[in-house]
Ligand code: G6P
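We begin with a single chain expressed as structure tokens, specifically the form predicted on its own.
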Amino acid sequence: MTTADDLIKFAKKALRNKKFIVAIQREPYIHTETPDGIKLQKTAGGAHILLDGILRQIGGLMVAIASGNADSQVVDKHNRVLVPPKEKAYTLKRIFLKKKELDGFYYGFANQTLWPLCHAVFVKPIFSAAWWDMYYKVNEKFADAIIEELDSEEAFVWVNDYHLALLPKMLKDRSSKITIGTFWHIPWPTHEIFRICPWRKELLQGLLGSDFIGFHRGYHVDNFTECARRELGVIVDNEPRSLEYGQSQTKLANIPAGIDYHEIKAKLERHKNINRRIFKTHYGITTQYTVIGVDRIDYTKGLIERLKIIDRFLEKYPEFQEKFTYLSIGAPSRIHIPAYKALNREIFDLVEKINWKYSTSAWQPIYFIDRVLPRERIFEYYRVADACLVTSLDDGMNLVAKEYVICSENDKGMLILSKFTGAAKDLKTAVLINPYNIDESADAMFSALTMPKDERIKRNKAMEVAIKENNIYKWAIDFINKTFENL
């Protein structure tokens, strides 16, 4: 199994004297004003948590958008601050945006154009020239911030995700001393879908400024290749996969992201005595079976389908009524966007309808918690939940699924996982479902909750081995290695 020490040794050798810079939209730490002064908070889970874990091991610089109301009060004249506070393991450089910039870049183009364009969930993307202009402008701000840090040094820049598709080319146009690896964390659509985007060529050209582009899954690589071939006429070399465009060559590969197995296990060690009473203590839940779901409230997560599955499960298996509870932890997300506002209303209405349909004076089937909870608290819930329900309609990876497998006790819990997550390829022994098929998914939940103990242990151990072997440090090494291969 690859360790943090392996990553440190590899990075020293691979990067040599190059400066290591990570570019990502969301910062992992924010500073906020409180009655007791400025406090630092760690932001909720996502790709930035993976990159924070890597930077804490090998050091370097992260460039991200400021989001705390006291962020500007703790940075130096170059907008930098050392993080985390006690370790001071790496430098966080913050980019400060005006409200108009954030609206156009993040709430507009990134999340109402690219996000629905890349996820096959039948939500129509919105194309706005004003949003595109702001997206371009913010990508330029990232490029300027990174160049400001370089002087004449050589650097390796790790660009992350759909927010920064234009950044690789912008950096290459400004400096020949930068090696760029880009990881695209969400799905890449088929050409039939991608071709409707008015700025499709600019997005492809921006990404092809990279020396290497990584995706979670092989079909994402295939989709990107086909889009670049049909839109830009790139020359494709399949062994290994690379695209020639102009005077440059960009390598492509699928490298599924891992998570820090040992970090999560270490956190759980502090809570050895956690048991099912935690559900009674926190929510008054005393039922025999508790199924958990943890998500951002997003239309790609299949939350409406999940509630319909639970409804059908209770209809089809009435013996579970008054013995079963579904605990949903739903972190509010992008609430300024109309589609997300409508989704929130639909979720609350459906939860109320299902609870009204089945509740008794002493029991309700669904508890919906619409706020962010501390990560360690969620790990405690994972540890003792009888199952975790992941119903994504389209997902690059889905780290919740992997976290649940690590936290859950092998002989007690079971993962019920959508086939449409990237994680499904790694976690083959989960109970796999098509969340659009409500009846079969309800049967799958019954199967997960009534599975013989021996089979549960066998399935969970197989998934745990896969997660251990393909952890965050192996992912980082593979990504860096692919970027510098043949350069």
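Just so it is clear, the structure is predicted and the values come from calculations on it, not from any experiment. In this text, residue numbers run from 1 along the sequence as written.
Form predicted in complex with the ligand: not shown, discussed below.
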Problem set entry | Answer option from K141, K308, R334, R80, heavy atom within 4.5 Å of the ligand in the predicted complex | R334
Exercise. Only one of T325, S210, S408, N111 has a non-hydrogen atom within 4.5 angstroms of the ligand in the predicted complex; which is it?
Worked result: N111
Problem set entry | Residue stretch of 94-102, 111-119, 233-241, 349-357 approaching the ligand in the predicted complex, non-hydrogen atom distance within 4.5 Å | 111-119
Exercise. So in the predicted complex, does Q25 come within 4.5 Å of the ligand, heavy atom to heavy atom?
Worked result: yes
Problem set entry | 4.5 angstroms heavy atom contact with the ligand in the predicted complex for H185 | yes
Exercise. Any chance K402 has a heavy atom within 4.5 Å of the ligand in the predicted complex?
Worked result: no
Exercise. Does any heavy atom of Y367 come within 4.5 Å of a heavy atom of the ligand in the predicted complex?
Worked result: no
Exercise. If you check in the predicted complex, do Y106, Y162 and R296 all have a non-hydrogen atom within 4.5 Å of the ligand?
Worked result: yes
